[in-house]
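Take a look at this single chain in structure tokens; it is the form predicted alone.
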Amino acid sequence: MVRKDNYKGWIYLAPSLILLAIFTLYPLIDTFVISFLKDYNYLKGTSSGFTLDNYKALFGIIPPPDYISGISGPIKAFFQYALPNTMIITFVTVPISIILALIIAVLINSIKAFQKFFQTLFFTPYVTNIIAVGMVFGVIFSHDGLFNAIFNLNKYWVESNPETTYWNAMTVIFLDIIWYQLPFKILIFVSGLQGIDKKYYEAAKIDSASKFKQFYKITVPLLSPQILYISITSFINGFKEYQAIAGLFKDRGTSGNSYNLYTVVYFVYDQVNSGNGESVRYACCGAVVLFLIILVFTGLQFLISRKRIYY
């Protein structure tokens, strides 16, 4: 009887499956194929066979073809800047934002009187456009901005100025991303905390367990499903980062270096929009590399957390 009615389920799912195949599965396969095409031109739809030269050029093993020498700078910048920057941004902002969000969520959960108010207050930035947030941070961290005024500094953080160093710029990017990512994480953690049975904490108090021990032995293990979910989604978003740079700098580099703030996604967008269709294959290569990196790190997180998740 169950098998006989299966076709009804497939009929109901058909519209979603068709849209998923057209707008997700096909572009994914097409991107993978294009990344291996030699002399591919997106506008003409022509190529001259399959090759590994696109990936070799991307990682600096061979130079890009002469006829697209005008975009050789950004192609070379993929391995030199885009990939390292993406890794640095991800592995700095994700752990810090998760730890801060968990601490803030515990504090909010302990304040019963104004809990809803603080939840709303902390979640408000999440509904703001990240480009607008970057522009505000750009004003705050300008040479004549609030940050320098408060701490009596004379530094250049975001301006196109020779004194705007790479690490000054990256510091502002870190702060921008962490501040923007906190609200969603806090909301998830607060929801998880409210689902923990209070009897565990009451038993811990009877055993004279300290607040820190309760946090480490009860809160963190029982929040492990939420921590896993937040970790996976945060790493994916971290690897896809480029909006903060666009909002803060309106470009992809500090003064004197046009590409030193490149990320992988910024590289992909740049290559799609340049080279008269000749450089799309490099954008596809970058997208495939990013896909494989995300796939590997997501798989590792599942493997590492397999014995540490409590449902």
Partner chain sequence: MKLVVKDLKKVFEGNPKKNIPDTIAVSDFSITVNDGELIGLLGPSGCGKSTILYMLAGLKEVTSGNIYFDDEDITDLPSEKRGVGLVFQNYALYPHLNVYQNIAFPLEDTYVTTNIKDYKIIFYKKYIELLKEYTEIQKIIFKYLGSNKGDSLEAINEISFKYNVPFKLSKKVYKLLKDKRHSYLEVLSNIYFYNEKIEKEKNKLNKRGYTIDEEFNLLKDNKILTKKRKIAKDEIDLEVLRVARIVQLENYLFRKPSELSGGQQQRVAIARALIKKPRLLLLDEPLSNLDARLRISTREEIRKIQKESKVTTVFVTHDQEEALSICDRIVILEKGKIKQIDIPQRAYDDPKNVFVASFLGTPPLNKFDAKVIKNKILVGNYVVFELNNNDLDGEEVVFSVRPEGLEITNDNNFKYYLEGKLDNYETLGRDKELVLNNEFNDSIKVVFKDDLVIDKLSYKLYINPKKVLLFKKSDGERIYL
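Predicted model only: the values in this text are computed from it and were never measured. Positions refer to the first chain, counted from 1.
Only in words, not in the display: the form predicted in complex with its partner chain, which the text now covers.
With the partner removed from view, the residue among Ile131, Leu193, Ile88, Ile218 that has a non-hydrogen atom within 4.5 Å of its partner chain in the model of the complex turns out to be Ile218. Exactly one listed residue, out of Ala203, Leu153, Leu146, Leu121, brings a non-hydrogen atom to within 4.5 Å of its partner chain in the model of the complex: Ala203. Using a 4.5 Å cutoff between non-hydrogen atoms, Ile140 does not count as a contact of its partner chain in the model of the complex.
Although the partner is absent here, Leu222 is a contact residue: one of its heavy atoms lies within 4.5 angstroms of its partner chain in the model of the complex. Not displayed here, its partner chain is kept clear of Val106 by more than 4.5 Å at the level of heavy atoms in the model of the complex. Within 4.5 Å of some heavy atom of its partner chain in the model of the complex lies at least one heavy atom of Lys199. Comparing 209-217, 96-104, 109-117, 235-243 against its partner chain in the model of the complex, the single stretch with non-hydrogen atoms within 4.5 angstroms of it is 209-217.
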